[in-house]
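Encoded as C-alpha cells, the following chain is the form predicted alone, with no partner shown.
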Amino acid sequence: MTPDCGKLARAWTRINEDADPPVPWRDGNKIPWHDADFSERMLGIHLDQGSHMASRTIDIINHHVGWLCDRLQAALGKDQGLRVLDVGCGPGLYCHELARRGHKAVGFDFAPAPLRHAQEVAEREGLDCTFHHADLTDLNDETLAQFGKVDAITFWFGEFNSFRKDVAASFLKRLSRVLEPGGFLALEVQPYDGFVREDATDWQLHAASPLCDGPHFWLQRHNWDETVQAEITVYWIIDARTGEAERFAQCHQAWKDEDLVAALGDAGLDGAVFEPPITGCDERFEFPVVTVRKGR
C-alpha cells in the first residue's frame, strides 16, 4: 500500500505543533494497556523469554518469588497458605509461581489479553489463583471486597512510578485496607538517582512493535521536568503502509526515599526496609525493593 502523502503531511503538522517541551501528565499519561489490540500485542512480549521488556523471564520470576517466599516466612512465619495480592499482575506469571509454591494468589490488571492468559493457565494447571479486571486508580469498595483480605501485597517492575504522587498516595491507602494487620508489602521502585535528567530525541524504524503491528517510523522524545521531578516520553508512530500517525505518551515519577516512606506511613505501612535489586540482572529492568508492614 502506498502511503497517503496527505496523511504524511498532517502527521508532520501534528508532530511539529506538539507541546515542546511536553509536560508530564498534562501532555499524556500512559500507553493504552487496556486497549484490546494493544494488549494482544503486549501479551506476546510478556511471554517472550528473550526479553525483560514487559514481564521478566521465568528464571528471573522464580528468583523473585523465592526471595518473596523467604521474606514472607521471616515476616509472617508461614511458608504456605498465605493470600498474596499482585498489583498489575499482567499474564499472572508471579501469581502462578506463588500458587505452585503453596500460596493463594489474587491478581488484578487493566489489560484484558494478559488477564485472559493468566486465568487460562491457572485453570489448566489447577492453580489457586483468582484474577480481576480493575483500575488501580479507581479501587472502589466493591472491587476491594472482591479481592478479599490478604496477607501480603506485591507491586513489581517499578510500575508504581507510573503515577503522580497524589494518585499513588491515594491508591496506597486503598490497597492498605485489604492488607491484614501485620501484613507485608513488597514494592519494587525505580531509584531516584536512576532517572535520566537529560532531554533527548531519537527515531527508529521497526518492522513491528507493541505500538504498531506493521512497519513504522518510531519517533521518541524524552523530557525531564525538574519542577515535578518526573519524566515524560512521547512516542510518535507513523505507519509506513498508510502514513497514519498516532501519538502515545508515558510518564514516570521520581521518589526520594524519605517522601516514599512518608507516603507509605500515611497509608499505615511502616518499618520500611530498602533492599537492592533481587538478582541484579539488568539495571534497566530490575529495581530496588522496599518492604513495609501494616500496623497491628
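What you see is a predicted model, and the numbers here were worked out from it, not measured in a lab. Numbers follow the displayed sequence, beginning with 1.
As for the form predicted together with a small molecule, it is not shown, yet the points below apply to it.
- The stretch in contact with the small molecule in the predicted complex, judged by heavy atoms within 4.5 Å, is 50-58, chosen from 240-248, 66-74, 50-58, 264-272.
- Proximity of A111 to the small molecule in the predicted complex falls within the 4.5 Å heavy atom cutoff.
- Using a 4.5 angstroms limit between non-hydrogen atoms, R41 is distant from the small molecule in the predicted complex.
- Taking non-hydrogen atoms only, F163 approaches the small molecule to within 4.5 angstroms in the predicted complex.
- Contact check for L179: no non-hydrogen atom falls within 4.5 Å of the small molecule in the predicted complex.
- Think of it this way: in the predicted complex, the small molecule has a heavy atom of just one of E142, D135, D202, D79 within 4.5 Å, and the residue is D135.
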